[in-house]
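A single chain comes next, written as structure tokens; it is the form predicted alone.
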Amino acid sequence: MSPSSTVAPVVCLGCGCGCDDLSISVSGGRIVDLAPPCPLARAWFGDGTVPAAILRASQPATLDAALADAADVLAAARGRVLVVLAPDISTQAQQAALTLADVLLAAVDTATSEPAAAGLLAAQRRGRAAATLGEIRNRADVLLFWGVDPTPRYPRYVSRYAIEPVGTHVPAGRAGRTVISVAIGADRGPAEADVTITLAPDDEVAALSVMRAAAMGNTLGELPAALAPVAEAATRLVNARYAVVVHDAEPGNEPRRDPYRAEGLIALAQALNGPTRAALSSLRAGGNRSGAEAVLTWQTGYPMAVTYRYGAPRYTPASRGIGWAVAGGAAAILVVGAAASLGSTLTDVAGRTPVVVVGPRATEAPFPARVAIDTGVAGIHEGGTAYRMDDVPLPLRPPLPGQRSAAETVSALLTAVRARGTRP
């Protein structure tokens, strides 16, 4: 690559939108600019520099020595290993990690299984009426934002997909769309909404039930004053050519939400598919988090909380892996991906259980690691595949030359573990 160059198009994994139209300017081996502008993309790409260190017991080590030590730790704990799929790695690295988990008879979980669990479990019970972001852009004429304004966490969702763009069936763009914002307590919708409804958190599930009943054509009778506006909003959705219900499937630090919220939203979107066409748009964070669930599903049949301990994949959603490890069930932990996304979750358990970290900024993990091997970031230094929030796979075109790859490093660790005779 020349000292100064422009790489396009590039996929951004800064959020789940997975925008694939970025142009990245590189000079002197660093990212110096990007277009179109996006604050989240700017923060995620940074200047493209990441550590390239290898630590063993907090001391510099060679790759061979670190892999040998990690293999010893993991092989010795076979049957009691937790593998965590963290963000910022490709699906190829995730697949290699699952192969290693199979060999180790390990439990597997993802960095987002806790915030996303309610929606995943509800979708398994009921199914889900979903759509690609492209279909939403081209068809949606009535959009209901349920307690979420996408702009802070998904900056280009509104401009690229949901409200502003011209679509093949919405040629007037914003002028051809009706936007309904439902605020739940402190959770606000888009400021540019045509209709705004405010609900108390305790009324949320009841409001969803009312809207579903209205969509199904049931007689509602007299409603409390707080719920009357949602019945009117349901009428707007029923009269749409294509309605979309938008919600955040990975809430951040907000107060704990009603566990039936996700089920109510799924049921509403399904009910709307009787009188009209409708879809549920579930906003997801970036870093190929959705890819972890996709790879788990097509490798094991389950999107999270999988254990290989019994020789075949088994689903244990009531006892997810990180909680199991914190409770003392794990004898070793392997984190593959950006450990910073786990925060201090593993701090206590890392003090008594050896942790191996392979991924971007592994040596800067917020908890002590027995072995830490830095790799490049998928989409910045590594190619491969990543998944958008709507489960569409995207090819990655890294703008910077790759350093040590996560997929290659995990594969090398797999070879070292197998050499220790853990499986015939």
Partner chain sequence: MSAPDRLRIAGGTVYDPANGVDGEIRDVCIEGGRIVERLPADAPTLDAKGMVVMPGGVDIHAHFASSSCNHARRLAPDEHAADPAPAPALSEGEGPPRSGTGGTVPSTFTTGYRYAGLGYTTAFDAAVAPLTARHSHSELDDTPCVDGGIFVLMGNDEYLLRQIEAGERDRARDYAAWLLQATGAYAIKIVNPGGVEAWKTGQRNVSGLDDPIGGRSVTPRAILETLADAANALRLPHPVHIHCNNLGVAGNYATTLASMEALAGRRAHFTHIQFHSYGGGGGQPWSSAASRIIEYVNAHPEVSTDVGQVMFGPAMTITADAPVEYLLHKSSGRRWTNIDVELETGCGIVPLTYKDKAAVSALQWAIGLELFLLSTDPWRVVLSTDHPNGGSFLAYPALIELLMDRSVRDERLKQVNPKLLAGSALADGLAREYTLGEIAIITRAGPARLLGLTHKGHLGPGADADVTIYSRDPDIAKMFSTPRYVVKSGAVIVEEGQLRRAPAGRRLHVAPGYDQTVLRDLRRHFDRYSTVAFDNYPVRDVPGEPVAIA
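Residue numbers count along the first chain shown, from 1. Because the structure is predicted, anything quoted here is derived from the model rather than measured.
Omitted here: the form predicted in complex with its partner chain. The next part is about that form.
Of the stretches 341-349, 190-198, 150-158, 298-306, only 298-306 has residues with a heavy atom within 4.5 Å of its partner chain in the predicted complex. For the three residues Q95, N273 and A294, a heavy atom within 4.5 Å of its partner chain turns up in the predicted complex in every case. A heavy atom within 4.5 Å of its partner chain in the predicted complex is found for exactly one of D72, D141, E250, E135: E135.
Of the residues given (P36, P393, P366, G46), P393 alone sits with a heavy atom within 4.5 Å of its partner chain in the predicted complex. Although the partner is absent here, V166 sits close enough that one of its heavy atoms falls within 4.5 Å of its partner chain in the predicted complex. The closest non-hydrogen atom of R418 lies within 4.5 Å of its partner chain in the predicted complex. Among residues of the shown chain, R361 is not one whose heavy atoms approach its partner chain to within 4.5 Å in the predicted complex.
For the chain shown alone, A129 is a contact residue for its partner chain in the predicted complex, at least one non-hydrogen atom being within 4.5 angstroms. Taking its partner chain as positioned in the predicted complex, the residues of 308-329 that bring a heavy atom within 4.5 Å of it are, in sequence order, Y308, G311, A312, P313, Y315.
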